[in-house]
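As structure tokens, one chain now follows by itself in the form predicted alone.
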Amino acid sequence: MRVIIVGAGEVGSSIAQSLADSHEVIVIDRDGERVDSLTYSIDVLAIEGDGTSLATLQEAGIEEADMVIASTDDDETNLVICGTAKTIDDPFTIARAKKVDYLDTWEHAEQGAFGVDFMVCTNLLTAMDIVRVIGLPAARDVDPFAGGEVQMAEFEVRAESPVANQTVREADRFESLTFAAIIRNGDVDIPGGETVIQADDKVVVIGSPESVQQFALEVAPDETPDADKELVVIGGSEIGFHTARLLEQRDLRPRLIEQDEERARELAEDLPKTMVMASDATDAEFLAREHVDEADVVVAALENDEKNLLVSVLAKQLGAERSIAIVEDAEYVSLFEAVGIDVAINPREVTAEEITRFTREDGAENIALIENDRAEVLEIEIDADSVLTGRPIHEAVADLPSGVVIGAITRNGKFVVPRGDTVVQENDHIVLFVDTNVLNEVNDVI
């Protein structure tokens, strides 16, 4: 595949590095030093120029390109790059955008918008990452599928867990949850209803975010936050706002601290279940007065790495149990962790991972890797030629190899519980658990 990446910053360079071994990669950037650096470090063709320019894209061979990834730090530039690319030919275009407003517009348009085929929203992805870390502390891995309508999670079952020594049938008390696999002593098994969940097993489940959350409560009731937990979000940035909004959707009631009074008023109107306080969160006396020391989780979502480090350290010193901080500069991540911040999330890294996963070349819409590639969870859009199309699942699975579990279906963006009599339709998105040993066989028939 010929891939043109515009923007050789952290995101573009990371994507280029991950694709360089298996694809023909061309990188465009205005910064000559970045271009030189990339030329010497990885096997790509690097071009100094403006990616919004028709001439530059033609110099990069846009006519033969299969994909264009616009990954500069500027949203509007990325949209123009995709639109320009579409005026020449019809490569698949991916745009990185920070503002959720652009994502809303793109999703609202029936055929997409801005000439963008796939949009990756950095701020929303980061907020979703934060909420996943908060919401499922017992989980070893959590990945969203189908635009967030489906979630895959891997839990380690401890001896004291209520589900230890229960059968899958006993543990499965949720309408929209599928037990995809049990990993025991490194072996990946597809469980049946009478399979007994043992201590130290790793259980992979696929379902709606609500059902996965409920299962987390079953696995580790003491660790999963409920409405009584103290959650504090510091900073009314777009990431801070969406973090609070997503927490509200889980029936949690965070507190949010924002220094700008006008912004705080706006947030209070948009976040009905969140207590919004207008104050400077770097004021230690204020944090103590507002009992931030009693917080179970403090999220530092200010638009400044140094302030995020300061408020995170202050919160931990006061006694907050867990701290999560946004770190814009990837080089600071290790520093944050070295001073005791529990989780440091770099939005650019989150974005690069999302785009890289999307560019995987096997027809899957989305992929999560399980146990060092022993298995994969795939999201696939069903076409007319699929072995599943127009057939009830109980009939179609006979034509699938063992080691495959249909974990979830979304139809027109809505979650559909996969049951034996569910008829899969063309354009459905299905989320599959697939043992790596049968991956090629599955790709051939689905």
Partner chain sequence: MNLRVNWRASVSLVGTVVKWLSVPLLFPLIIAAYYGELDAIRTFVTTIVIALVVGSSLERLEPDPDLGAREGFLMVALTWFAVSIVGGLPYVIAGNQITLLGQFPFINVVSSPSTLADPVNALFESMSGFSTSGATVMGDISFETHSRALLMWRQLTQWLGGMGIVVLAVAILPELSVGGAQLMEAEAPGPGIQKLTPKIAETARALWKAYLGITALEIVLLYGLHLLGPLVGQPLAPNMTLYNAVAHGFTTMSTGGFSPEARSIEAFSAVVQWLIIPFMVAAGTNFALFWHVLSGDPRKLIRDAEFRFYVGVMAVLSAILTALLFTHQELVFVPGGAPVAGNFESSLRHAAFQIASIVTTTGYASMDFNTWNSSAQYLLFAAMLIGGSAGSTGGAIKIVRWYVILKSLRRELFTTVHPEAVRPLRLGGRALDERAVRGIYVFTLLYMVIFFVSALLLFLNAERAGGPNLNTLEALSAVAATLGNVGPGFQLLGPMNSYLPFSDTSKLFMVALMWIGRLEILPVLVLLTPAYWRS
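Owing to the predicted nature of the structure, the values given are computational and were not obtained by experimental measurement. Numbering follows the first chain given and starts at 1.
Omitted here: the form predicted together with the partner chain. The next part is about that form.
Next on the checklist: When the contact criterion is heavy atoms within 4.5 Å, does Gly319 count as touching the partner chain in the predicted bound form?
Outcome noted: Outside the cut-off, so no.
Checklist entry - Does Val80 reach the partner chain in the predicted bound form if we count a contact as any heavy atom within 4.5 Å? => result Val80: no contact with the partner chain in the predicted bound form.
Checklist entry - For Val212, is any heavy atom within 4.5 Å of the partner chain in the predicted bound form, or not? => result Although the partner chain is absent here, Val212 would stay clear of it in the predicted bound form, with no heavy atoms inside 4.5 Å.
Checklist entry - Heavy atoms within 4.5 Å of the partner chain in the predicted bound form: does Pro272 have any? => result Contact with the partner chain, yes.
Item to check | Partner-proximal stretch of 67 to 75, 282 to 290, 303 to 311, 113 to 121 relative to the partner chain in the predicted bound form, 4.5 angstroms, heavy atom | outcome: Careful reading of the contacts points to 282 to 290.
Checklist entry - Ok, Leu217, Met277, Ala330, Val343: which has a heavy atom sitting within 4.5 Å of the partner chain in the predicted bound form? => result Contact residue from the list: Met277.
Checklist entry - Of these, Lys202, Arg265, Lys229, Arg169, which has a heavy atom no more than 4.5 Å from the partner chain in the predicted bound form? => result That would be Arg265.
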